[in-house]
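Take a look at this single chain, the form predicted on its own, given in structure tokens.
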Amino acid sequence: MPDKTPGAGTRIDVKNVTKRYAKSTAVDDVSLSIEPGEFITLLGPSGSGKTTTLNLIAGFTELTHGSIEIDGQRVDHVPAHKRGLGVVFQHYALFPHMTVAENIAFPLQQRKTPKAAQAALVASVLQTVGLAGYQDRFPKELSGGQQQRVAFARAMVFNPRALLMDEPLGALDKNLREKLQLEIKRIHQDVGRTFVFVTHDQEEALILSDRIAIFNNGRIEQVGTSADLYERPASLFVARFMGESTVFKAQVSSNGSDWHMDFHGSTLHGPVTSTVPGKGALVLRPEQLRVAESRADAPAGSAAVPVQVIQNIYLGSGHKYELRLPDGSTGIVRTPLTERTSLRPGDSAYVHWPAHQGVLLEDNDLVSTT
């Protein structure tokens, strides 16, 4: 069973790594330091380079340039089976003719672990993943979630230096996926190992991670905690990829202490926190915004922009408004049930917010987020 000492995980350093194929570059000069015992998620759209980076760390793919170190030792020329890393894939890849215990014991057999020790390790890891008593069942007798737990147990039983996971929950239904997210988080806390997790699901990354690295076009756009990325995105791509947002784009001017943006007849402004020359994009999250039937209904001193209601969606806990902005783009507002309005699709309204809120970024929206 893996060492449960907090911080017992390994350090992984990806240094200026590039992976090129004949006609494309999958990973382009990526550097990332993963701390011992950290749960880090590689997040991004399809084709962004996150899975290739995981495969480079695992040793399944050979890098073109750069280096990969584990606990300070270069491993980029070390075969995958000698790197001491556990790997879990989206497809469980269990042996159908083997029992749960035999599947889990397989990596121990490959490492010639004594049989008495194998039994103890299998029993311990089954307890960790919540499958005690299932050791004699075959994969076909298990649910999808139980099979994935067996895959986790098999990857952890030999005490790996780190656990790498490539979309391990992608084949599961929503309810089971959410349940296993919490189980993975618990297992990470229990074993204290380094976990590297790949997903394209932003909510999954927010739930699981100590830090998140957002990939785009083979590069890392930003690395940070969930709060860093959601509240302080470094680019328009990150702002849009990390949850819903409303973006106001216009020319920005500054007097040194405040910035000003004229957005289709409305003057938006705020304190200068960074230099945004020329074209700017003001990003606001759905919960920062409110919708009013008239400008007079917005609080004095707030920023307000005229909009048209596209949809008013009842969510149980509140309402989600999809709004058409004056420039033709779409905005999103989420309000609690206590803030009731009679707005319907097609109605004119105002979206408003405290003038100091929002993140002003450079308008470098040159890539697709799909």
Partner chain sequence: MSSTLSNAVRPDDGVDPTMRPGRLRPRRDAQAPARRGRLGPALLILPALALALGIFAYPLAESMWRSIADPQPGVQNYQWFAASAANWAVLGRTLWVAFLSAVICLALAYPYAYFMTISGPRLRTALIVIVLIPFWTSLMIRSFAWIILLQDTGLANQVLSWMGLGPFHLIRNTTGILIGMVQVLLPFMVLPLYSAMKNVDLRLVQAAASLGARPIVAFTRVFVPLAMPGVVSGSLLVFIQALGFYITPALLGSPSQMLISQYIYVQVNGQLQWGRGSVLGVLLLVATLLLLGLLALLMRKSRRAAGDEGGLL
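This one's a predicted model, so the numbers in the text were calculated from it and none came from an experiment. Residue numbers count along the first chain shown, from 1.
Another form exists, predicted together with the partner chain; not displayed. Remarks below refer to it.
Which residue, K115, K140, H77, H264, is the contact with the partner chain in the predicted complex, using a 4.5 Å heavy atom cutoff? Contact with the partner chain in the predicted complex is made by K140 alone.
Proximity to the partner chain in the predicted complex, single hit among P286, G243, G192, G130 (heavy atom within 4.5 Å): The residue in contact is G130.
Interface segment, criterion being heavy atoms within 4.5 Å of the partner chain in the predicted complex, picked from 204-212, 296-304, 179-187, 217-225: Stretch 179-187 is the one.
Every residue in F89, A93 and R154 with a non-hydrogen atom within 4.5 Å of the partner chain in the predicted complex? Each of the three qualifies.
Does the partner chain get within 4.5 angstroms of any non-hydrogen atom of V252 in the predicted complex? Outside the cut-off, so no.
According to a 4.5 angstroms non-hydrogen atom cut-off, is E231 in contact with the partner chain in the predicted complex? Outside the cut-off, so no.
Would L85 count as touching the partner chain in the predicted complex under a 4.5 Å heavy atom rule? Yes, contact at 4.5 Å.
Since only the chain is shown here, I'm wondering whether L172 would be in contact with the partner chain in the predicted complex (any heavy atom pair within 4.5 Å). Yes.
Check each residue of 98-112 against the partner chain in the predicted complex and list those with a heavy atom within 4.5 Å, in sequence order. The stretch 98-112, when checked against the partner chain in the predicted complex, contributes M98, E102, F106, P107, Q109, Q110, R111 at the 4.5 Å heavy-atom cut-off.
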